[in-house]
Ligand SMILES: Nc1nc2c(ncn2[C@@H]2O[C@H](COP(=O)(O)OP(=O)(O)O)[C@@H](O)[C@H]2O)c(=O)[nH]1
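Shown next as structure tokens: one chain only, the form predicted alone.
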Amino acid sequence: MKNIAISDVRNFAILGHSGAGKTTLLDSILFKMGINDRQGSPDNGSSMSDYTDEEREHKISIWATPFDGIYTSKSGKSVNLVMTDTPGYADFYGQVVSSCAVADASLIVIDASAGIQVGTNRAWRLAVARSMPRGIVVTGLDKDNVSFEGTLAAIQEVWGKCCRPATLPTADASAVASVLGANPPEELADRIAEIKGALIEYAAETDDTLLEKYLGGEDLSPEEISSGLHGAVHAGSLIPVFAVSGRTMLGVEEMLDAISLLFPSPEDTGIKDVEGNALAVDPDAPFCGHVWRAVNDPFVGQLSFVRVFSGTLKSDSEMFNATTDEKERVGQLLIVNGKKQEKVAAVTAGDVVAIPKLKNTSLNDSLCAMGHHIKVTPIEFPHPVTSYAVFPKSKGDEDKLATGISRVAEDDPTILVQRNEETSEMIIAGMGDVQLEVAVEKMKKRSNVEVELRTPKVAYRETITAAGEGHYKHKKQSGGRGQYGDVYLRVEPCSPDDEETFVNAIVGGAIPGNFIPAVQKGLVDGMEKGPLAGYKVINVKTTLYDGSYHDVDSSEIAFKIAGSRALHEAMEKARPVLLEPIMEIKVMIPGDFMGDVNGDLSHKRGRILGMGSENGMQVITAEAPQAELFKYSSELRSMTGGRGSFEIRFLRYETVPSNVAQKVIAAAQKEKEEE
């Protein structure tokens, strides 16, 4: 266990848009801290963070990667920095969500040459939703025609004047000075004095005693200023902005000094369990941790990454899984820095530790000390927006495909795998086509199964728009006991909210009561495949009003068949229609693409519900049929050059236009004939 107090631990996630320089910044930090003996770079494949085959091949961050090390500031104070590098690509947003769920603060990276982008906005909204203290890093100061002051002005316009510089670059970007440091460069002296005055006001406002002293004209001590600013950052009333060039290491040391001073420790966070009870951030308190990432490591097998919230966890010990109510045996505890793994004897609050080969533990489980039952709020992951149907290229590989694709989904909680019984397809769904492409590549390497991705079939529905009556007499005599069931029924449209969808109106014993449940079963079976194209029937109310029976030949199976056939006859007379799933889609884009995106949505039979702005981005809310949106992830990326994102959710079923319905029905009939 490190000889660092919990009050000197800084656990933060590095967030931002893809290409903003997050990983480059982290590699500079790791080099500065001595965790790496050289300055890695994602461009040439030497990054400590982007080290997997998939990341090197695609040249983007795919996984959330934690790092841990000791940093000693200029003042000589040592702090334990626990940092997580996160992907900026929208397809891997689930990794960002899980990282923020177990971090105490966020560091949002903005490229000065690109400004605030859609991924920046997404990171900001997540941090705000989680009430995370924030810092902002403006990178790329070594590029041509960039302006720190211009980027700062844009940040303040979108997110407010609470975003204040903590470090400033010189005009030629050859040096960076700390606003709170001594002896600033002469060209920055006046600007720093102005900013420092505003920061002292922030510090004073966090404490009544400091405010009284400040208003009384007394100077605050450096310790009082630091304490006040630390509180302001924790409260979110102050968001420090840092000037950095990751490639040249410019401003990295000044940023780390400020993070050590201003960012919260685990003691500041006030973590609570699911019941709202505060957890004691104390080494002697009962251990509590949460599994936020799970990895199938090719060398050590399953690795469970755990954020420790309270207490101490020791190697070669036992703990309790409060999610599954099962005991776990802990062998080794590993601090993981990229490919490097270091065994440690114990970990405490704020640490992120990897535990190999846990038998009864999976992603999102809460772990605690034996004899306790402590659970923290599980991570809520975003819903998938893109899906494909997966088929093996070789017959007989179905079982290998199902096993392989399920294992890949275990590594990423935003990938869902399920079999659609209606369409008889294996569906893989995720946050985007690149994510699913990476998942399939990984599966091929692990399982040696070649697969084909196709656009999924739409799970249409059928219903009726008028009332109709149906009659069917099931009569069969083939020697011995025959079959006889005679059913008259009426159908009519009903609301999805109607609880009573079957009415027994039989009088006089036309059908004995013991056969009524059989008729109902026939109706349930009949509604599994409608008369138009064989899709499930919804929103239909049936009334059984007459029939007849035979003392000897009537049976449950006869009335079940009669009920199903009478239903189809009644529906054919009740003007049946095809229904399709309608989705609500929320698109966030820069203003330059409003016209293109609006036009494209209209072309997809979409209806624009509203337009607005959010954090400097334009937001379009619309409704569109699911059939038109299966490829929207790649289409939006193409339209906006990767600067757009969207969220999608199911709304309701709606009647398919007749010209589209005819094609769907014809395709269903052709498929039935081929079978």
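Being a predicted model, the structure only gives us computed values, none of them experimental. All residue numbers refer to positions in the sequence shown, first residue = 1.
Here the subject shifts to the form predicted together with the ligand, a form of this protein not shown in this document.
- Heavy atoms of Arg407 never reach within 4.5 Å of the ligand in the model of the complex, leaving it off the interface.
- At a distance threshold of 4.5 angstroms between non-hydrogen atoms, Thr24 is in contact with the ligand in the model of the complex.
- Although the partner is absent here, Gly246 is a contact residue: one of its heavy atoms lies within 4.5 angstroms of the ligand in the model of the complex.
- Using a 4.5 Å cutoff between non-hydrogen atoms, Pro42 counts as a contact of the ligand in the model of the complex.
- Site annotation in the model of the complex: the residue of Asp142, Glu422, Glu253, Asp553 reaching within 4.5 Å of the ligand with a heavy atom is Asp142.
- Heavy atoms within 4.5 Å of the ligand in the model of the complex belong, among the stretches 626-634, 42-50, 641-649, 604-612, to residues of 42-50.
- In the model of the complex, no residue of 197-221 lies within 4.5 Å of the ligand by any heavy atom.
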